[in-house]
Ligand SMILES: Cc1cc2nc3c(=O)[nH]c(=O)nc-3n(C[C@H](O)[C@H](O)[C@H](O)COP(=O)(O)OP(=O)(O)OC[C@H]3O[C@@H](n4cnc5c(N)ncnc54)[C@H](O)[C@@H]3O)c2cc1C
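So this first bit is one chain, no partners, the form predicted on its own, shown in structure tokens.
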């Protein structure tokens, strides 16, 4: 029998899962409160990573967040007005920001992404533009810090991750990326991580969906959710009421708010990010991550996109030009580009879970609801394998990708008490 599936949310996870479900023969409807591919789907840094995946909840993150209450220029910023809505989330975050849990989180993300290449090839065969750009360069001013970051990557090799084995000097890095300033003394190249234009990736995915028998309902905020016993049996929008066999809730940064309509507690909050464009330059043709500046530079055909920052400002984050200015200022000593000609400022929210890992699977309350939320800063990188796992879970009832570390129920009181 053909399975009918409604996907709530037209972002990266929802769109890619819809495409794989359609290929498996499901009758798919995608609904979104706005246009498909909104939110951070097109506005991210364009990093397609298998190596540099790590939870935001890391040692030192809590101290940095507290310091940021008085410093609007810090890469990680928490606004005082956001604090009341972050109490529970923040307690989970603090509990997760230990060295042991941070390392466990990195391993979980690496294991989740082990079939990345296979999943990318599958999306490509279905019409998605999966062409990758050059490999990622990670330069540093401080060689000791470069060595520290390199050592932290080494254990990931046990999980199929391509890990750099040695540092290279500043002159060699400038041969690869001539725009790097003399301030750079050491760094490494991550051959397993590349750039991709998220706008092209998303638009090609939408085009592939429209060419199939997939129903797309845009500008349709959910007004009511029908529930009976252990099932979600209907979803109502101003454009009508839908019934289905299964529903995938993948609403990005809005997952907590929308989850309430489904009777779910989804511990995901918006984490605002910013980017700004610079003119293209032949001197920067590789994506670059500047760990010391907490910022990135990604070359596309029409711009170099500078991005960075993580800002918590409640459910409706405000735009703050100081955040953009801080990115521009922090980058000037690391790279020589035409900063005065910046344009195309953008801000948008990433869906942040307390421990930095996605929530994927069936919440215990329901038999026909699957949650996919909290992919954070790595939504683009985790999209292919997440979609593969979710598609298998919906069609086959189980996934060949182990989702145990990503249970939607892991933040319930009973789970937390057992883990303490």
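Residue numbers count along the first chain shown, from 1. On a predicted model such as this, the values are computed, not experimentally measured, just so you know.
Not on display, but discussed next: the form predicted together with the named molecule.
By the criterion of a heavy atom within 4.5 Å, residue 349 is counted among the residues contacting the named molecule in the model of the complex.
Although the partner is absent here, residue 35 is a contact residue: one of its heavy atoms lies within 4.5 angstroms of the named molecule in the model of the complex. Using a 4.5 Å cutoff between non-hydrogen atoms, residue 105 does not count as a contact of the named molecule in the model of the complex.
At least one heavy atom of residue 46 is located within 4.5 Å of the named molecule in the model of the complex. Proximity to the named molecule in the model of the complex, taken as a non-hydrogen atom within 4.5 angstroms, holds for one residue of 390, 40, 359, 28, which is 40. The listed set 65, 377, 370, 57 contains one residue whose heavy atoms approach the named molecule in the model of the complex to within 4.5 Å, identified as 377.
Contact with the named molecule, judged by heavy atoms within 4.5 Å in the model of the complex, is confined among 118 to 126, 151 to 159, 253 to 261, 173 to 181 to 253 to 261.
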